[in-house]
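In the form predicted on its own, a lone chain appears below as structure tokens.
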Amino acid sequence: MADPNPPGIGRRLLRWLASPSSRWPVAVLLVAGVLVGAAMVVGTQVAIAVTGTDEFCGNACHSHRQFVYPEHKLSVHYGNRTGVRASCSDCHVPHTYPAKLIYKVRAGVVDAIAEARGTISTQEKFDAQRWRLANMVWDEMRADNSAHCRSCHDPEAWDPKKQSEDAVKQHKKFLNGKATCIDCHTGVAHKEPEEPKKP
């Protein structure tokens, strides 16, 4: 007699996954699982590496290629006397997992939607959004105490004798936890936006 309430697809799938295989030996299933897992890990790392280059970040979106990347190329973070270059991902993407993956997915979706909607498709539209966009980034940097900046700039390596008197004073605020890098250094890699005039 047929069961009047057959199990749903979810229950059948769980039963199938939990039942021993009569077709494949356990060793084959384990090896296949390890290979699939390894392929996923390697694939993720390759995708992270490819999408973390300046060439990708600077050219993947129209707005980055036209407005943001050229500014970065003119900044001291791109070309300087020491030859140390900070890439887009050095400043904008967390350096640890899983925060890096989560951020890249979220930022990619947000950028794709903005590009598709055309909200930043011209210089005028981009400039109209620049203050809001910059503040979003600055707020992220304040929230993590400018961790991206500090991954290259080590406060313990600062030499106050090589800093201006004003820089030493401001850096004391940082060392005392009263300020973070982005509070003073807002225009170091991109043109600093002007705050819109209040109506």
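Predicted model, so just to flag it, every value in this text is computed and none were measured. Numbering starts at 1 and follows the sequence shown.
FYI, the form predicted in complex with ligand HEC isn't displayed, but the following is about it.
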If you check in the model of the complex, is residue 164 within 4.5 Å of ligand HEC, heavy atoms only? yes
Would residue 84 count as a contact of ligand HEC in the model of the complex, using a 4.5 angstroms cut-off between non-hydrogen atoms? yes
Closest heavy atom of residue 80 to ligand HEC in the model of the complex, within 4.5 Å or not? yes
Indicate whether residue 76 is a 4.5 Å heavy atom neighbour of ligand HEC in the model of the complex. yes
Using a 4.5 Å heavy atom cut-off, which residue among 66, 151, 51, 44 comes into contact with ligand HEC in the model of the complex? 151
In the model of the complex, does each residue in the set 174, 184 and 188 place a non-hydrogen atom within 4.5 angstroms of ligand HEC? yes
For the stretch 93-120, return the residues whose heavy atoms include at least one within 4.5 Å of ligand HEC in the model of the complex, in the order they occur. none
